[in-house]
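Shown below, as structure tokens, is a lone chain in the form predicted alone; questions about how it binds or moves come after it.
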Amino acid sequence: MSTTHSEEPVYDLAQLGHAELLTPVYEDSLRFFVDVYGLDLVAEEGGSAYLRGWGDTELTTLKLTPAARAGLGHVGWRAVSAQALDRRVAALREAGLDGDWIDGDVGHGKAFRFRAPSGQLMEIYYESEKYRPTGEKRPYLPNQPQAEIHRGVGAQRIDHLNILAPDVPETRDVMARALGFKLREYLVPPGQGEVGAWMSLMNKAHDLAITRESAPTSGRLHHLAYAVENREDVLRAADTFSQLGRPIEFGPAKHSRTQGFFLYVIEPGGNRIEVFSGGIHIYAPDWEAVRWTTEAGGRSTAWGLDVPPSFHAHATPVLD
């Protein structure tokens, strides 16, 4: 028997709470997320739309904002308590990532905003408004957030996002030390540095993926993912996208890393959106991060499906 000694894990952040996407074609993007992707519109305030999946417990998990270019407005991570929030703010400042407090937004209270080493605007918060279903959205089982009323793809809940970073190890190290993200898997192709890292807060395969930025820039988004219940829902999403005229970029297929079943499309504003199901669950407290190489079975997909060039070339904002 051997025991691995490591730093005490931090469990002060609970989940990916919400993300804000920017779009140059607001009305088209809103129709996509409601009618095609299947989110519910909660409110429109201050020029932005606030949406949620039918399985989200929070009032809203997606903020959609008109802008000159597509991209990530910000991403919000929810703490497990008010005390945990204060601890993580102190840890961020100790790591050199100072920021500012904001009063809050639709669905959540005060938040501490900062910019990650990779350039994306992030915030951490605790106070959050729960979704309270009424009428036909009341579930017949009280442990469900709402009735399963599907529209379009029927995206269930926010799951993860993938950001681009000029320096993957630096970004993941700060996210681990300051916020408690745990490294689950990482990719180091032969003769290269680290090009990808998959991290989670609790026991999911990942809440955050970090991919190397190949362009001389920072702060870009690769994709945002909502989960559905099973593989059949991903396959049904492929039919739905095709029937409704939204081209599929990549999938359906199975990821090697995370083991999730996936499908990618580009929404009308230009942001990449994933339909995701499954993924490994991690219960061991001393999980050893899995190192992937292209020579160690680290194919881009578990069953060998080739990756389209756009998957590596496209991110938002699109560079001139």
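Everything numeric in this text was worked out from a predicted model, so none of it was measured. Don't overthink the numbering: it's just position in the shown sequence, from 1.
The protein also exists as the form predicted together with another copy of the chain; that form is not presented, and the subsequent description refers to it.
- Heavy atoms within 4.5 Å of another copy of the chain in the model of the complex are found in one stretch of 83 to 91, 208 to 216, 166 to 174, 68 to 76, which is 83 to 91.
- Among L121, I102, L97, L235, the residue placing a heavy atom within 4.5 Å of another copy of the chain in the model of the complex is L235.
- Every residue in the set R132, T240 and I280 has a non-hydrogen atom no more than 4.5 Å from another copy of the chain in the model of the complex.
- Although the partner is absent here, S128 sits close enough that one of its heavy atoms falls within 4.5 Å of another copy of the chain in the model of the complex.
- Although the partner is absent from this view, G107 contacts another copy of the chain in the model of the complex, with a non-hydrogen atom inside 4.5 angstroms.
- The closest non-hydrogen atom of S29 lies beyond 4.5 Å of another copy of the chain in the model of the complex.
- In the model of the complex, another copy of the chain stays beyond 4.5 Å of every heavy atom belonging to Q192.
- In the model of the complex, another copy of the chain lies within 4.5 angstroms of at least one heavy atom of each of the following residues of 132 to 165: R132, Y140, L141, P142, N143, Q144, E148, H150, R157, in sequence order.
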